[in-house]
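One chain follows as structure tokens, the form predicted on its own.
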């Protein structure tokens, strides 16, 4: 099972449980009903905050590859030398 299907199954299960509770499958006190209606919005905002935090953390802890950077710089120098030899000016 792929990660997408796992997420879709979880969304279907949570959505059906939310729909059943909000449409009156069970008798709930009015305070619970008031909390249930905006619950998908709260979950969406929470998921967005989690995603933003995860991206921020991954960017902050991104590892530099010094060897790859040196190799790329040498390839750039070789390409510039080749282009200069062919008549291009920088």
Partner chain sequence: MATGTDQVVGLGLVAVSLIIFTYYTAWVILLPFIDSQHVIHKYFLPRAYAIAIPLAAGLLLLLFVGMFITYVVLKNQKVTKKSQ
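Only the largest set of C-alpha atoms that superpose within 1.5 Å between the two forms is called the rigid core. All values derive from a computational prediction rather than experimental measurement. Positions refer to the first chain, counted from 1.
Form predicted together with the partner chain: not shown, discussed below.
- The closest heavy atom approach of residue 26 to the partner chain in the predicted bound form falls outside 4.5 Å.
- Although the partner chain is not shown here, in the predicted bound form the stretch 23-52 places heavy atoms of 31, 34, 35, 37, 38, 41, 42, 45, 46, 49, 52 within 4.5 Å of it, in sequence order.
- After superposition on the rigid core, the Cα atom of residue 31 is displaced by less than 2 Å between this form and the one not shown.
- Taking the rigid core as fixed, one finds a CA shift for residue 61 of 2 Å or more between this form and the one not shown.
- With a cut-off of 2 Å and the rigid core superposed, residue 41 has a Cα displacement that falls short of the cut-off between this form and the one not shown.
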